[in-house]
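One chain follows as structure tokens, the form predicted alone.
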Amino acid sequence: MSFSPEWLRLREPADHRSRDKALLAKAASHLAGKDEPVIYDLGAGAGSNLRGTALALGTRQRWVLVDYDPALLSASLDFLSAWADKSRPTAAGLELEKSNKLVRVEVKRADLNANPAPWGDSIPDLVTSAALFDLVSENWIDRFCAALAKDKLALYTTLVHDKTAKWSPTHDADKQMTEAFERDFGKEKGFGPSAGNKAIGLIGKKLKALGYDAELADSDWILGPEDHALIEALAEGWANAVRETRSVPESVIQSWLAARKARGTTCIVGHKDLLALPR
């Protein structure tokens, strides 16, 4: 499954302000003894996770951005160049300077469904992702956690959907729309039937059983009037997902969508962050 660069850019401010700062600091502390930690970012999209994480880490870092979509990997280099104070192209990607940090970036196209451990023999210091694991299946989670545990790799993942959105003001179709959206959310997303809202809890439980300390923290989107463009796009995405189920009349979808796109709508979208460290 892939997302447009426009959607990823639109959601980035909410993503960055919503992630749990204490858990980010603990992830940074885990890497503090490394001169230039190697970080694999899975489902990296347009590079937002790097931009939300790198400034909390040490002065030298090497990131490998992994995605299946070559257009997103190309967009990530453009977005990162614009974000950096200085940017130089390299054979593998970019070398960036930002706020006295030196960040070397490589891009890697890989099919994570076929191989949940794309680092191969190049063992990273941290595996990370953002808004990925609610799209994968429980079977994929089993394979991924086994791969992590084999090499005793640390995991820091953010913004994993863990509960349905709460919209305000209420609308008569909220229950109907939510039930249909959740049915669509559990469908195939490219990794088998999606674990959806259960995914983050499953990962924490499985890694604990494999000898990890796993800590969860809330990272809910709390969207208000200043986030109107994001709320509109989110509502459109919900409406399109509900249409896929063919379980809600189009007239009901249109009524709900008009209400949700009206000025004054607010929304809370439940997410969690996870830091899992091998004991």
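Everything numeric here is computed off the predicted structure, so don't read it as measured data. Note that residue numbering begins at 1 and tracks the sequence as displayed.
Keep in mind that the form predicted together with a small molecule is missing from the display, and what follows is about it.
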- Message: Since the partner isn't included here, can you check whether the small molecule sits close to all of F3, L8 and Y68 in the predicted bound form (heavy atom within 4.5 Å for each)?
- Response: yes
- Query: Taking 4.5 angstroms as the cut-off for heavy atoms, does V127 touch the small molecule in the predicted bound form?
  - Reply: no
- Might N113 be said to contact the small molecule in the predicted bound form, defining contact as any heavy atom within 4.5 Å? yes
- Heavy atoms within 4.5 Å of the small molecule in the predicted bound form: does S48 have any? yes
- F185: heavy atom within 4.5 Å of the small molecule in the predicted bound form? no
- Item | Answer range among 202-210, 90-98, 131-139, 173-181 for contact with the small molecule, defined in the predicted bound form as heavy atoms within 4.5 Å | 131-139
